[in-house]
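First, one chain by itself: the form predicted alone, in C-alpha cells.
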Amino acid sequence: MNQAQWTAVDRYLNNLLVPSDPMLEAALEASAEAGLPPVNVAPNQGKLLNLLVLASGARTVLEIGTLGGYSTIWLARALPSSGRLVTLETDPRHAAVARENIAGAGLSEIVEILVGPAAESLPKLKAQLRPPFDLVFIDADKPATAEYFAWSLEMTHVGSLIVVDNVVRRGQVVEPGSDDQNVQGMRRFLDRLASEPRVSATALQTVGVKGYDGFLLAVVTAEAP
C-alpha cells in the first residue's frame, strides 16, 4: 500500500459518492489563487462532516479553524435554514477568502466568521451566553487543541458531538519524544481527553488523498460538575 493507491481509492470513491460540486470546487480554486495552504479536508472528509451534522440533527455548529471556508460550506449545508454556524479564523486574509467563498455558496445568512486568535475569540463567545453548540469541529493550530477542546466542553451540552481532525500525524502521535510541536499538541489533547469524565470518545486512523492521519469523535455524556 502506498500514497498512489490511497489517492486512487479516494478518487474512485469520491467519483461514486461525492459528485463534483461547482461551488465547492470554486472555493478550493479561490483559496489556491489567494495562496492559502492546501490543508483543507478532502472531499470525502467534507462529506463525512456533512453527514455527521445531518445524523446528529445539529442546528448549531462551532468550527475552530476556517481557512478558506471549504469545510465550513460542507458543515453549513447540512444545517436547516434556521441553523447557525460560527467559525473562528485567526488570519484576516484567510477570513476574507472564506467570506467570499461562503457568500458564493449562498450561506452568508447561516455562517458567522469571527476573526482573531481562537484563544481570544472563544472566551468572548462564551461570555455572550449563546445557546450551546450541537456540534464542534476543531481543525486549527494543533499545539492549542487541548485548550480548544476545553472551551468546546464549556459551550456544548449532553449529546453534543466534538470532531477533531489530524490527530494521528502520520503515526508520529505515538512518539513521546517528538520535537514536532503539532505532535506534542495532539498528545497533550489526547491525554486531556482520556482523563475527561464528561465525554466518550474514539479515534480512527485514515489514509487517502491527504496521506496518513486520523480523526477523533467525542460525544458529551455528562454536564460539568
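None of these values were measured; they are calculated from a predicted model. Note that residue numbering begins at 1 and tracks the sequence as displayed.
Heads up, the form predicted together with ligand SAH isn't pictured, but that's what we're talking about next.
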Checklist entry - Can you say which of 123-131, 103-111, 78-86, 138-146 gets within 4.5 Å of ligand SAH in the predicted complex, counting heavy atoms only? => result 138-146
Item to check | Non-hydrogen atom contact Pro43 with ligand SAH in the predicted complex at 4.5 angstroms | outcome: no
Checklist entry - Does at least one non-hydrogen atom of Ala118 fall within 4.5 angstroms of ligand SAH in the predicted complex? => result yes
Next on the checklist: Since only the chain is shown here, I'm wondering whether Gly185 would be in contact with ligand SAH in the predicted complex (any heavy atom pair within 4.5 Å).
Outcome noted: no
Next on the checklist: Since only the chain is shown here, I'm wondering whether Ser71 would be in contact with ligand SAH in the predicted complex (any heavy atom pair within 4.5 Å).
Outcome noted: yes
Item to check | Listed residue (Val53, Val168, Leu193, Leu67) with a non-hydrogen atom within 4.5 angstroms of ligand SAH in the predicted complex | outcome: Leu67
Next on the checklist: If you apply a 4.5 angstroms heavy atom cut-off, which residues in 82-96 are near ligand SAH in the predicted complex?
Outcome noted: Leu88, Glu89, Thr90, Asp91, His94
